[in-house]
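Take a look at this single chain, the form predicted on its own, given in structure tokens.
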């Protein structure tokens, strides 16, 4: 037996500020056989509750206690074959713990940090990870920010530079959204690319961000290497009744919490910290007006008023559409009737936030899209 016969399941790092997480619930029994990529345990960070996946196939021979707080990189479990002796498992865990050094606050704060760029009188916040390759620009949805990609950004940046930005009126970018139309927001993304000297990029957009990305692909197709839409608006009329208005007008926890819970197939994923962060953002001067202006351009009488289907019909590049089958905000049926060259991926038991609820699958499909390995 060698050390390679045993694999450590460690606490991942999601986002720049994460240093630890709490073990909430194990999804498999100790001793059970598991496959590579299987979800093993739910952990709660300061931002959100998410599942940690198995780094290898084998048996889950040891696991940390539920309720324990594990630092980033710390030992959550041990994967090994069933015939590996128990004392070898105990010894492996003891050695790992003895040699492990948790991140300090100083170490956790090192590395890439968000930056700001002035674009036509607006300050836009963005985070760049990775170097080289054809760049990727990640565009979040209504009320979101660059942290919506915390489960994807680092993974996607292994082979290329990946930029996540805060749209105008969102995160820490300027609240000036102009008339709040798709055209204006798409131009802001194009101007952002100009400012960072990105003549073209793979665009990935979620919800509102999907419609913005498609708008840019329709008006300036030479700037879009590929187009990836995640639960995008603009492909149908239906929208969860009261969702946008509820997000815009909510000022208290009891008002915003059910709105945020509707984003996920599992409402338990919405943590207290997530609720507090959204409320803090919404209390910033100008945010409510900015969101209201955008919402008025998206919805009237409870239905979507924008369409990106013509943009998709004319855009000549590779197009990917990802949807959660359990999306309560925008139904997955909107993924139907798209151009034949479109690759559609519908993920079961996932809501409006596939990049968070099914990050491993989304990252896998997006990587294939960037590398030209997808077929319609």
Partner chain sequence: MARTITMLQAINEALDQEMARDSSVIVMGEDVVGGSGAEGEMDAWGGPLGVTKGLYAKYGDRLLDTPITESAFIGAAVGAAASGLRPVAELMFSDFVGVCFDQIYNQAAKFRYMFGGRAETPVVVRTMYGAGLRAAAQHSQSPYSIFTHVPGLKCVMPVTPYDAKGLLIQAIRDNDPVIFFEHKGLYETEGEVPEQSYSIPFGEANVVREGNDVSIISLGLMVHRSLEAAETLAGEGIQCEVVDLRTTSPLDEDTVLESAENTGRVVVVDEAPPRCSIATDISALVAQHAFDALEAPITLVTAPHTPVPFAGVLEDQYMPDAARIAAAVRRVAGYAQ
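Numbering follows the first chain given and starts at 1. Fair warning: this is a prediction, and the values are worked out from it, not measured in the lab.
What comes next is about the form predicted in complex with the partner chain, which is not displayed.
Task: Triplet 172, 272 and 285 all within 4.5 Å of the partner chain in the predicted complex via a heavy atom - done: Yes, each of 172, 272 and 285 comes within 4.5 Å of the partner chain in the predicted complex.
TODO: Could you confirm whether residue 251 comes within 4.5 Å of the partner chain in the predicted complex, counting heavy atoms only?
DONE: Answer yes; at least one heavy atom of residue 251 falls within 4.5 Å of the partner chain in the predicted complex.
Open item on the list: Taking the partner chain as it sits in the predicted complex, is residue 276 near enough to touch it, meaning that at least one heavy atom pair lies within 4.5 angstroms?
Closed with: Residue 276: yes, in contact with the partner chain in the predicted complex.
- [ ] Determine whether any heavy atom of residue 101 comes within 4.5 Å of a heavy atom of the partner chain in the predicted complex, and answer yes or no.
- [x] Residue 101: no contact with the partner chain in the predicted complex.
Open item on the list: Using a 4.5 angstroms cut-off on non-hydrogen atoms, would residue 116 count as touching the partner chain in the predicted complex?
Closed with: Contact check for residue 116: yes, within 4.5 Å of the partner chain in the predicted complex.
Open item on the list: Quick check for you: of 198-206, 277-285, 139-147, 88-96, which stretch puts a non-hydrogen atom within 4.5 Å of the partner chain in the predicted complex?
Closed with: Comparing against the partner chain in the predicted complex, the contact stretch is 277-285.
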